[in-house]
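The chain below stands alone, shown as structure tokens; this is the form predicted alone.
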Amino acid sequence: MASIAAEQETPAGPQIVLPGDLLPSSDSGLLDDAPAAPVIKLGPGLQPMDDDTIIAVKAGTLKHAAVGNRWWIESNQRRYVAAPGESVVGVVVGKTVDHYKIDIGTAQPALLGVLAFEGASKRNKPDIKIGALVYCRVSLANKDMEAELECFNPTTGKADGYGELKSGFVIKTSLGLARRLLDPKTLILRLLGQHVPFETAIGMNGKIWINSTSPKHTILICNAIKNSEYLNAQECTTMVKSLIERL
């Protein structure tokens, strides 16, 4: 259910940036072959300036996703800051005629329109209760106003996994771990999938929804994901094997 995009370090390897650093530097690769390059999409931590330069607004590692030519700064900050295009898991905390108010971990609840669902119309609107979980996409984010969400893929118009999440269990992880889980190179989810059937929705706001066939499997998966944050590939393999043997 979670969308996955290939992530990689900058062409010259990991590059640590600090607030105020001007990009591109000589080794960032941001503007290589600029006339022929596709449009560059800036994610969290990067801000364009009036003189066509790009400035870092937080400390972290400069990252790049080949899909969409997207660049951002990855850091382990505590509070999530919404950015357009990111998938998040949230809780419905309020409801009006036109919007649901969704807690996604930002300073203010985000707004999810009652028509921002696949096939929704004024006569056919979803009825989501307060306290329900939803998997959404950030459609608009501005530091001076509430983020806006939608529960469909704007490219296809289909739900593509977005919408209300039923059953399952939610865990809170660091923002860095949540982003790494979306990387196909991350081993832990593949190791777990070899032994236990489950589905997951990974929010870039650090909330991860997990649903499996039994509570004991769900608990095992939750523990394995949390424990994997600071383990290498071999340690993850050993940990998963140990947990499976205890079932």
Partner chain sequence: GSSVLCSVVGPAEVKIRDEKLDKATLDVVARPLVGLPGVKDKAREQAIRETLEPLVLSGLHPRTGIQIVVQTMKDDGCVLSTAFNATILALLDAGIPLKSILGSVTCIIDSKTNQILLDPTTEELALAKSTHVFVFDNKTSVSSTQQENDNMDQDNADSALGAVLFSDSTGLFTEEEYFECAQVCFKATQAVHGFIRTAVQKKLEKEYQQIQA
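Positions refer to the first chain, counted from 1. As the structure is a computational prediction, the values presented were derived from the model and not from experiment. Under this definition, the rigid core comprises the largest set of C-alpha atoms superposing within 1.5 Å between the forms.
Below: the form predicted in complex with its partner chain, not depicted.
Here the chain stands alone, but in the predicted bound form its contact with its partner chain, taken as any heavy atom within 4.5 Å, falls in 139 to 147 among 114 to 122, 139 to 147, 156 to 164, 90 to 98. Among heavy atoms of residue 69, none comes within 4.5 Å of its partner chain in the predicted bound form.
Remark: residue 41 does not count among the residues lining its partner chain in the predicted bound form, judged by a heavy atom distance of 4.5 Å or less. Contact annotation for residue 74: at least one heavy atom lies within 4.5 Å of its partner chain in the predicted bound form. Contact check for residue 129: every heavy atom lies farther than 4.5 Å from its partner chain in the predicted bound form.
Although its partner chain is omitted here, in the predicted bound form none of 86, 194 and 244 has a heavy atom within 4.5 Å of it. In sequence order, 107, 108 are the residues of 106 to 130 having a heavy atom within 4.5 Å of its partner chain in the predicted bound form; the partner itself is omitted from this view. Remark: with the core as the superposition reference, the CA shift of residue 74 between the shown form and the other one reaches 2 Å or more. A displacement of less than 2 angstroms separates the C-alpha positions of residue 210 between the shown form and the other one, with the rigid core held in common.
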